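Just one chain follows, in the form predicted on its own, and it is written as structure tokens.
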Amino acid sequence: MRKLFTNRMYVLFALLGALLIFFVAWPLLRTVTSSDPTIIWETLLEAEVRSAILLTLYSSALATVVAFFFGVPLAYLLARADFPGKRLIEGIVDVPIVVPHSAAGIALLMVFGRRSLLGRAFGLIGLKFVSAAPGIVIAMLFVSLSFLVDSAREGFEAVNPRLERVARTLGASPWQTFWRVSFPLAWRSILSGMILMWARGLSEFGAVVILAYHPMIAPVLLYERFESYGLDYARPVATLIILICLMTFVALRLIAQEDRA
């Protein structure tokens, strides 16, 4: 700490960083403190609000689970294997980060809409995506899977390949090597990626509002109340969303920290 204040460069960097932190923290704090706790509690008791919040948490968690089963194997291949088109695949994984999410919603609607080939095929088994919870899940999955895949890939790349080769020479199969050596050593990065993906899914709006406006998740409900009734009516919902996201995100970060310890 003493070194921080005796080095002029550190002092300058600390001031610049403090301004950025203030830029992030002040709007959140202002929103949370501007609402009457009684009104916030009454808002939480509304069935529509509770349903939207629970649907948001559940859909993002389900999208994260799906990404885990499909994304972790892909991340391992990207970390360990060299093959034609590898850079292209890495680019495709990262594309959802830069594509406007409203455009992502349109793209998903073209593929999973009622008139599309996949939409009709899933409709035969009673599964629909437009104006339905599965649509919310695939929208969250699309826009946030990059966080999990990239973090898992970095975790596997940090594992020394010599450890895997030693395990193989001792008689372990590829499956055993993956589950007993590679996966445990990369687990911290995988968990961090899951947390980031889940948190990113909670805030998704653009893709969801196009593909599945109803049933409403929390960001869509907030938008509808702001558009229909104004700031005063939307502020308690915004406060609830901020508080829930902060508490769950901090809790998951603490769990990840304990896992590292």
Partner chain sequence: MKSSGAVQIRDLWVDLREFHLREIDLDIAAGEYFVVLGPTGAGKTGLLETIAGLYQPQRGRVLLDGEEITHLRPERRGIGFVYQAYALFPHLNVAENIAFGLNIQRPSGLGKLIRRKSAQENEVDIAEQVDEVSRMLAIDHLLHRSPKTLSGGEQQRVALARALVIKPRVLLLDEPLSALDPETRESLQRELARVHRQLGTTTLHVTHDFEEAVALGDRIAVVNQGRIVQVGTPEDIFRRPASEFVARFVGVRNIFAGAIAEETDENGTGAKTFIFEASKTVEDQALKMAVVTDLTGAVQASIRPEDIILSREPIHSSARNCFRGHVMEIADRGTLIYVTVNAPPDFTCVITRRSREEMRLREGAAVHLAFKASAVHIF
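Residue numbers count along the first chain shown, from 1. Bear in mind the structure is a predicted one, so any value in this text is a computation, not a measurement.
Omitted here: the form predicted together with its partner chain. The next part is about that form.
J.: When the contact criterion is heavy atoms within 4.5 Å, does A103 count as touching its partner chain in the predicted complex?
T.: No - in the predicted complex, heavy atoms of A103 and its partner chain never come within 4.5 Å of each other.
J.: Within 4.5 Å, heavy atoms only: does A133 come near its partner chain in the predicted complex?
T.: No, A133 is distant from the partner.
J.: Does P184 reach its partner chain in the predicted complex if we count a contact as any heavy atom within 4.5 Å?
T.: Answer yes; at least one heavy atom of P184 falls within 4.5 Å of its partner chain in the predicted complex.
J.: With heavy atoms only and a cut-off of 4.5 Å, decide whether S116 touches its partner chain in the predicted complex.
T.: Taking the distances in the predicted complex, the answer for S116 is no, it never comes within 4.5 Å of its partner chain.
J.: Name the stretch, out of 145-153, 87-95, 104-112, 176-184, where some heavy atom lies within 4.5 Å of its partner chain in the predicted complex.
T.: Answer to the contact question: 176-184.
J.: Note which of L77, V166, L127, V99 lies within 4.5 Å of its partner chain in the predicted complex, where distance is taken over heavy atoms; exactly one does.
T.: Only one option qualifies, and that one is V166.
J.: Is it the case in the predicted complex that R30, E48 and L243 each bring at least one heavy atom within 4.5 Å of its partner chain?
T.: Answer is no for this spot.
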